[in-house]
Each structure stands twice: as C-alpha cells, then as structure tokens.
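A single chain comes next, written as structure tokens; it is the form predicted on its own.
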Amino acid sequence: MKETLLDKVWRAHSVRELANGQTQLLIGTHLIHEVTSPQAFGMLRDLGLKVLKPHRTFATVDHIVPTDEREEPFSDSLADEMIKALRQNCAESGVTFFDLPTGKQGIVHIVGPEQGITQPGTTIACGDSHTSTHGAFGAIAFGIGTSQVRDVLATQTMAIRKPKVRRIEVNGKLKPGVYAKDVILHIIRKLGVNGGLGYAYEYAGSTFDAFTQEERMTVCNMSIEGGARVGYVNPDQTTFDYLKGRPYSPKGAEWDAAVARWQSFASDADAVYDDVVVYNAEDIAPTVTWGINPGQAIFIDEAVPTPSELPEKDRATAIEAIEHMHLRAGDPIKGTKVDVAFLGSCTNGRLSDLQEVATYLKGRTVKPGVKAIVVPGSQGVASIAESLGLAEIFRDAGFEWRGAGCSMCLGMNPDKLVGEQLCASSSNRNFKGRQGSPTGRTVLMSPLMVAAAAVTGEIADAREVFGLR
C-alpha cells in the first residue's frame, strides 16, 4: 500500500471529509487537565450536552498544582478553584480522574503512558501543545484548543486537516554524555521552529531503533517546538515491552491480538514521504539554547552566534534574544552563571531521567547560591524513585525534592523565576516569561547538563564535569 503510519491511523479514524478539506476524525483517547477543560465543560452545559463517551476520557491535575504544598485548600485560590472544578466535572460526567489522593496523579503526558492508556495505532487529543509526546508509541497525538476540547467531549471527534509527513532519520550511536534531548534540540536547530509547519514528523533510523521508550517520548514531546503538529515513532518490540502489564493495557489473549494490530499500523517499508532528512548521531554534541526559542541552540563548546552572520530572516530575533539573555555575540555559552537548576517537566521528568542524573550526582553538591529543584513527572515516578533511594541522593546533593506536576516548566504555579534569574532547565520552552518572570532567562538542556550546571553554578559541559569523555 506504500502507506505511512499516519496514513493508516488517519484512514482508520476518519469519519468523513468536510467541505473545507478537513477530516472529521474520531479521537480514540481524550486526555484532559485542569486548565483547558473548565471552559469546555461550561460550554457543554450551556448547550445542554453531556460527555458522549466518558470512558474514552481521562483526567489529571498538573499545570497549576503546587509541588511543595499538597494540602488543600491550596494557598493559590485559582489553583484551588481549578482542581475543585475538575473534580466536579469528572464526577458529574463519569470521567476517570487521577486525583492527588490516588497516587496516580502527574503530568498528563507521563500519566497516560505509564498507565497504559497511550497505545499504538490510536488517535489522542489533549488541550496541551505537548500531546505529541504520545506519538512515541505509534499514536497520532496532537494538542488542541479549548473549543476543540468541547468538540471531543461532546462528539468524540474533531475537525482537522491531514498533515504531510517528513521522515527524520538519525543513524548511528550517540557519544557518551549526549542524550535524546540533544537529538531533538539539534533537529529543531537544523530545521527551524517553523520547519515542521504542515507536517507530521516520523522519527526513524538506527538511533531511534535503539532508544528506550522514554527516550522516544522526549523527542516526540518537542515536535511541536519545531512547528510539527505531530511527531511519532513506529511501534516495535520496545513499545510492546513498555506497555505490557500496565493497568490499561490489554490482558491475556487480548494482548497478543493487540500487538498484532499495533504492528499493522507501522509504516510500510516502501511508504512514500513528502520529505526525508537524515542526520548522523555521532555529529551531535551536548546542546543548549542561547536564545528565546528552542531553535536558537548550539553545542556546548560553540559560541553565541553573531546576528550579522545568520540568515537575514533570523537576525532580528537573534538580536532580541541576545539582549534578553544578557549575552554577547561571539562569547562562549559555557561558563554563563546559573541561578536556578530545574529537573522535571513532561520532556524530562521520567524515572530514567532521574536515574541517569542520580548516577552521576551521587557524592556531589549543588553550588552555593544555586536553587536546584527536582520535580518527578508523576506520583508513580516519585514513588519508584523514592524506593530506589534516588530522592535521598538528590536531597543529599542539595536539590529540593518536590511533588509531581508541571512546576517550573511554565510557571503557572508557585514555582517561578524571580527577576532576571537564569535557569538551566530540562523543560521544553525558553520563551520570554515562560518560567514566570518576564525578565527571567531559560536555557534548555538535557537532565545531566542541568545537574552539571547545578554543581558548578554555570552552564557547563557534563562530559567534563562527570568524566564522560
């Protein structure tokens, strides 16, 4: 058939083609949280409608929930109001809610996979731009707006235009100290923050074949930062091994049937793509951002770009970025003073991220004057990490060990930058004001690079700090 996974999933979930060229697409799984759902539920009430298929919707609280204050009522009245509204809406609609007392709460894009709700060959929608994370399982997953959240609640469908597909191959073995986060920052740097407009990204090649499921999630998570609506990896044995035995995964005889069905959705060997780009894994080094969007990135041993040497379309933003970041063109990024180190987010708040950092952090100490926090992506991650002694390693090093949530990724909760603080962050966006202060500065990097910044007090090469060369 020469079809991609996107073609197959789209065909399987297409209800009809609309006059404007969009597809009315059946949404297999709908994930909601406390920020974009209250208005949508309100719209349903105004229209006299109910949630059509509540068993296909799952909720959790993540964006506004405090990570250092878990008792209710929350001191933040808006956060308290939002969690209460979500509880009420879920209870009235029959929607499963992974609430704080359940032990299953966490960032929606971590909870879905760890519960086995995220499955190959499905369509997934959520009122959050980083829903592309779930594409790591061979799902077609996209973030939607509040009006579309309403549409999915009411009809289990939404109107969307089918994107083109760009295959992004990365081949070879990453060098020590280079991680999935570096891979996706490199891809966005090369293709640009608008390079994926109108596209779905299919990630492939021997590097992705060797990646763990959580590494694949990190890359798919940031597809939206490159302008792509969707990012996915074809499902394989790594995917199936991850899902087996999880609460919502098929059981018994249904498991074998599910795996066979999931395998059938993988792109055909002779699938036709709208574009193909290829990168060599060995060419990628630890990567950090220097500016105010994820595409403004360089290797740790490179200098801040000189705007006049960049393509003309990028110069104005580069000048704005250098001014905001208090950097100088031509200076090395390495050695820039750090005020805050944040380890967490739906990009890098998983168990494997914490395990990797703890391995090298043990016996080290956070530099005096640096505020370092680690926020597990879910209560499940936190529980396992604590049982393995990881929390103790982080605390001994001087990190604050927090409760699960989005935390400092977006500053929609008490975890915010103050003034012009510079944060070494494992999150996904470095926009102005993203971490809660309009003058705050964010530098994106891998979790181990965050740890290197925390212990040295400056942007540093983790390979040098932890002896990985």
Partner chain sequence: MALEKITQVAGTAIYVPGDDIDTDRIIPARFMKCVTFDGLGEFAFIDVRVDPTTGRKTEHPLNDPRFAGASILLSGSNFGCGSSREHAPQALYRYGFRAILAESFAEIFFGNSTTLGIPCMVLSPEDLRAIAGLIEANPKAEVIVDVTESKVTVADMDFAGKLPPHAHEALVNGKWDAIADLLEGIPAVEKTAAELPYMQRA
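Numbering follows the first chain given and starts at 1. Remember, it's a predicted structure, so these values are computed and weren't measured experimentally.
Only in words, not in the display: the form predicted in complex with its partner chain, which the text now covers.
The stretch among 348-356, 188-196, 329-337, 369-377 whose residues place heavy atoms within 4.5 Å of its partner chain in the model of the complex is 188-196. Under a 4.5 angstroms non-hydrogen atom cutoff, its partner chain in the model of the complex lacks Gln421 among its neighbouring residues. In the model of the complex, Arg70 stays away from its partner chain, with no heavy atom inside 4.5 Å. Although the partner is absent here, Pro101 is not a contact residue: none of its heavy atoms lies within 4.5 angstroms of its partner chain in the model of the complex. Remark: Gln213 does not count among the residues lining its partner chain in the model of the complex, judged by a heavy atom distance of 4.5 Å or less. Among the residues Val111, Ile224, Val95, Ala385, the one placing a heavy atom within 4.5 Å of its partner chain in the model of the complex is Ile224. Each of Gln24, Asp76 and Ala85 is positioned with at least one heavy atom within 4.5 Å of its partner chain in the model of the complex. In the model of the complex, its partner chain lies beyond 4.5 angstroms of every heavy atom of every residue of 336-350.
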